[in-house]
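Read the single chain below, which is given as structure tokens and is the form predicted on its own.
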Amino acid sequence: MDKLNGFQSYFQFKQVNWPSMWQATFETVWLTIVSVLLVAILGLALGLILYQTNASSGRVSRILNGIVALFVNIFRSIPFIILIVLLIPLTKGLMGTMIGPKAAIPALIMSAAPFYARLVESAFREVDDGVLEATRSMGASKAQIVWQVLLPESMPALVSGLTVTAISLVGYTAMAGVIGAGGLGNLAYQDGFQANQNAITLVATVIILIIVFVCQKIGDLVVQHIDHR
């Protein structure tokens, strides 16, 4: 009977404070969108630097590649929950607070941008060398090659990589919520787990899954639209 009651507790939806649930959903969606935009910009820049400096024989390029590669390898290797704690002083200095959705942004960016940077570098490497050489032979500058060839040719892979990164960020926002960053993770942990209200945890989980499915579907549709291969 106790097991039955435990199972039934997941469906006691009268426990759910729906206004708080929608507010937490908004915080999670807002945090995900802001983080994805910032990660896309920083990750694209880091990935481009890694790609451009990797094959260069210049001393400055080799040093720059080593520094960026070290940064990327370090921060994408640190578990997210540890990174949040590690960046608390930096977060407080930049955002003025250690709690709330804004407080999670630095850790989200520092964790996801290096991951996306490697995906960007990989996408650039998949561009046909023949196309690049043909563009160079016509006298195109490095900037023209990047904007007119590299980015357009690798765009499906870039969008696909950003979709994977966005889904990871949704999970990161939930983990950040456990230590006070707000959103569905915070609601599921404090109002659900700690208060032993399993229905709240279940609803928050379902909403997170829906957000993930929406991110994946949007990414797939965009890739299908721009991939003409």
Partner chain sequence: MLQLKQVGKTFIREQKTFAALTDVSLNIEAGEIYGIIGYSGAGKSTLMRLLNGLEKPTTGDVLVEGQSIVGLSEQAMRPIRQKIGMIFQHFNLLWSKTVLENIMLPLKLAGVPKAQRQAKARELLKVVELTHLEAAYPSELSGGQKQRVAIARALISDPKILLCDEATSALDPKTTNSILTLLAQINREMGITIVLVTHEMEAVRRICQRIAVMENGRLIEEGTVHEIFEKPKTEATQALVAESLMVTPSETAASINQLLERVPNGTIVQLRFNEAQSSQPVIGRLMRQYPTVEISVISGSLQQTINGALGYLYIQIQANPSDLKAVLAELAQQTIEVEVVRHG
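Numbering follows the first chain given and starts at 1. Small disclaimer: the values here were computed from a predicted structure and weren't measured.
The discussion below concerns the form predicted in complex with its partner chain, not included here.
- Within a 4.5 Å heavy atom cut-off, is S141 in contact with its partner chain in the predicted bound form? Yes.
- 4.5 Å heavy atom contact, V149 and its partner chain in the predicted bound form: Within the cut-off, so yes.
- Distance check, V85 to its partner chain in the predicted bound form, heavy atom within 4.5 Å: So V85 does not count as contacting its partner chain.
- Query: Wondering, does I74 line up within 4.5 Å of its partner chain in the predicted bound form on heavy atoms?
  - Reply: No, I74 sits far enough from its partner chain in the predicted bound form that none of its heavy atoms falls within 4.5 Å.
- Task: Within 4.5 Å of its partner chain in the predicted bound form, counting heavy atoms only, one of 74 to 82, 113 to 121, 149 to 157, 90 to 98 shows up; tell me which.
- Result: Heavy-atom contact with the partner occurs in 149 to 157.
- Message: If you apply a 4.5 angstroms heavy atom cut-off, which residues in 123 to 151 are near its partner chain in the predicted bound form?
- Response: Contacting residues: D128, G130, V131, E133, A134, T135, R136, S137, M138, G139, A140, S141, Q144, Q148, V149.
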